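Just the one chain here, laid out as structure tokens, in the form predicted on its own.
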Amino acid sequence: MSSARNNLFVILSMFGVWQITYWAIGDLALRPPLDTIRNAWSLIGSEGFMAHLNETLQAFTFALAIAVTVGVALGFCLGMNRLAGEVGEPLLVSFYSLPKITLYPIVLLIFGIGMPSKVAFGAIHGIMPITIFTLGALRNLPPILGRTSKVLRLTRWQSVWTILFPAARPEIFTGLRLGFSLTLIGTLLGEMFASQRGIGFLLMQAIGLHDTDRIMALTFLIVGFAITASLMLLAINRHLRHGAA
């Protein structure tokens, strides 16, 4: 209950700051919260919006699935091999710090314009943090777990599935939370710069037309989805950490 009240207080505070900022700036670059909510509701019911939304959700789902699968698998491969981890971690951190938008021309050359490039660009954003957190989670495990798997004569796969992954799961899930957000950003960026469908495309179109009402409505929907998903993932993360403790 306390966590729910805190979240509600934060959300109401954000709306309050938003309204005060609108009073200070005016209609030049903002719309008030109530007007934005009404515009967002009208946009949801408009013709063609659901097709764009389904396009974005489909691309994001594929990108997130790839990011999670590749990120966790790569993290375990590096985390269970000391030499590979020592060599690979600096490369991962360097690539993670690189602005991904600089890679988009290469992505377009490989995958072309459309769904594949959006999925690839979203996955690129999510793989690195998931890999880094998975690698860190394995490094922080007590050494006794490795000795236990040897005593029990478990195969590498059995050791991963029955001992290492359950012990590292809370920290890995923290990486999944970050990967979720970055994958969403990558997918939307892919739609903004090289797509004819999706929420990112609608947002870029509204920016080109200087349609402040639609820009605010789309931004509100994106932020609302991101915050809702983040709160749900945070609740699951707390449950995992509480269970591990």
Partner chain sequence: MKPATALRLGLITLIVLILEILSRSGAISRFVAPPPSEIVVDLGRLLLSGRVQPAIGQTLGKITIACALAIAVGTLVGVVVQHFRAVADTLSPFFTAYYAVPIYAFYPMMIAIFGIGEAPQIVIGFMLAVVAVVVNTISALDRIPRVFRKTAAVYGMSTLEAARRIYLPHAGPYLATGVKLAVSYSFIGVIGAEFIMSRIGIGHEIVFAYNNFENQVMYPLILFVLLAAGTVNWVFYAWEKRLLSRRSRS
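All of these numbers come straight from a predicted model, not from anything done at the bench. Positions refer to the first chain, counted from 1.
The form predicted in complex with the partner chain is left out here; the points below concern that form.
* Non-hydrogen atoms within 4.5 angstroms of the partner chain in the predicted complex: do Asn7, Met204 and Val223 all have one? -> The answer is yes: all three residues contact the partner (heavy atom, 4.5 Å cut-off).
* Answer yes if any heavy atom of Ala51 is within 4.5 Å of a heavy atom of the partner chain in the predicted complex; otherwise answer no. => Heavy-atom contact with the partner chain at 4.5 Å: absent for Ala51.
* Answer yes if any heavy atom of Ser42 is within 4.5 Å of a heavy atom of the partner chain in the predicted complex; otherwise answer no. => Residue-level check for Ser42: no, no contact with the partner chain.
* So in the predicted complex, does Tyr96 come within 4.5 Å of the partner chain, heavy atom to heavy atom? -> It does: once the partner chain is placed as it appears in the predicted complex, Tyr96 has a heavy atom within 4.5 Å of it.
* Asked: Do Phe76 and the partner chain share at least one heavy atom pair within 4.5 Å in the predicted complex?
  -> No, Phe76 stays farther than 4.5 Å from the partner chain in the predicted complex.
* To do: Go through 33 to 41, 51 to 59, 212 to 220, 66 to 74 and give me the stretch that gets within 4.5 Å of the partner chain in the predicted complex, heavy atoms only.
  => Going through the listed ranges, the match is 212 to 220.
* Residues from 21 to 49 in contact with the partner chain (non-hydrogen atom within 4.5 Å) in the predicted complex -> Read in sequence order, the residues that approach the partner chain (within 4.5 Å, in the predicted complex) are Ile25, Leu28, Ala29, Leu30.
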